[in-house]
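Single chain ahead, by itself, as structure tokens, in the form predicted alone.
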Amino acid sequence: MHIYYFNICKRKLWLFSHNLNFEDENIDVKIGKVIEEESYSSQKKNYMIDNINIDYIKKNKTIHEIKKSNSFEEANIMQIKYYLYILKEYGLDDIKGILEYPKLYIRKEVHLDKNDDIIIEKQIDEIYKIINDKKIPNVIDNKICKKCAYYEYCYV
């Protein structure tokens, strides 16, 4: 979750990592959870490995991540690349990822490229710096903020 938040909003990352979680009350998050639960119902879901929660895994060495929309496409891709990175750390380096957008009927294949390790490691370093900083990052003042679970905390 930290990689995903890092790629969306550093302030959200900081708030979440300091146990300020408003996600359970947000309607968009609730809709996303329902989509995840109701989609691909024949699949066994939620594999916890290390600190990642993989939505489901297929026998053909493919991990799947279900998303409500592709609004945060880059963050979605980085999240699944991070999962592939963690699995590679466990010696599973021939795994591919699939981003699933069931309501949009879109599937996108994601691979861990050779430069991704460097990018992910840099992001992990920056995530630790943000989390350990006593000062909360500034509001990003972006249109995406209006649907964020932390909107009222940041703007009201």
Partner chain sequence: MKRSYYLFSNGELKRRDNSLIIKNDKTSKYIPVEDVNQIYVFGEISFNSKLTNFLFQNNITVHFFNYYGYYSGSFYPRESLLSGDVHLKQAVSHLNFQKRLLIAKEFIDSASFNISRNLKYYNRKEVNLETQIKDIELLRNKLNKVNSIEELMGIEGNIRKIYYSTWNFFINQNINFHKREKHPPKNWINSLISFINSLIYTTTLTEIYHTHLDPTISFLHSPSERRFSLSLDISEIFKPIIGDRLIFSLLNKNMITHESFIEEFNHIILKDSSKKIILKEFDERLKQTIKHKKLNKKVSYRKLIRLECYKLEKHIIEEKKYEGFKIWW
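Given the structure is predicted, the values throughout are model-derived calculations rather than measurements. Positions refer to the first chain, counted from 1.
There is also a form predicted in complex with its partner chain; it is not shown, and the following applies to it.
Visitor: Does each of 14, 21 and 153 have at least one heavy atom within 4.5 Å of its partner chain in the predicted bound form?
Guide: Each of the three qualifies.
Visitor: Please tell me which of 30, 58, 96, 108 lies within 4.5 Å of its partner chain in the predicted bound form, judged by heavy atoms.
Guide: After the contact test, the surviving option is 30.
Visitor: Report whether the minimum heavy atom distance between residue 143 and its partner chain in the predicted bound form is within 4.5 Å.
Guide: Looking in the predicted bound form, residue contacts with its partner chain do not include residue 143, since no heavy atom lies within 4.5 Å.
Visitor: So which stretch, 117 to 125, 99 to 107, 22 to 30, 38 to 46, is the one near its partner chain in the predicted bound form (non-hydrogen atoms, 4.5 Å)?
Guide: Heavy-atom contact with the partner occurs in 22 to 30.
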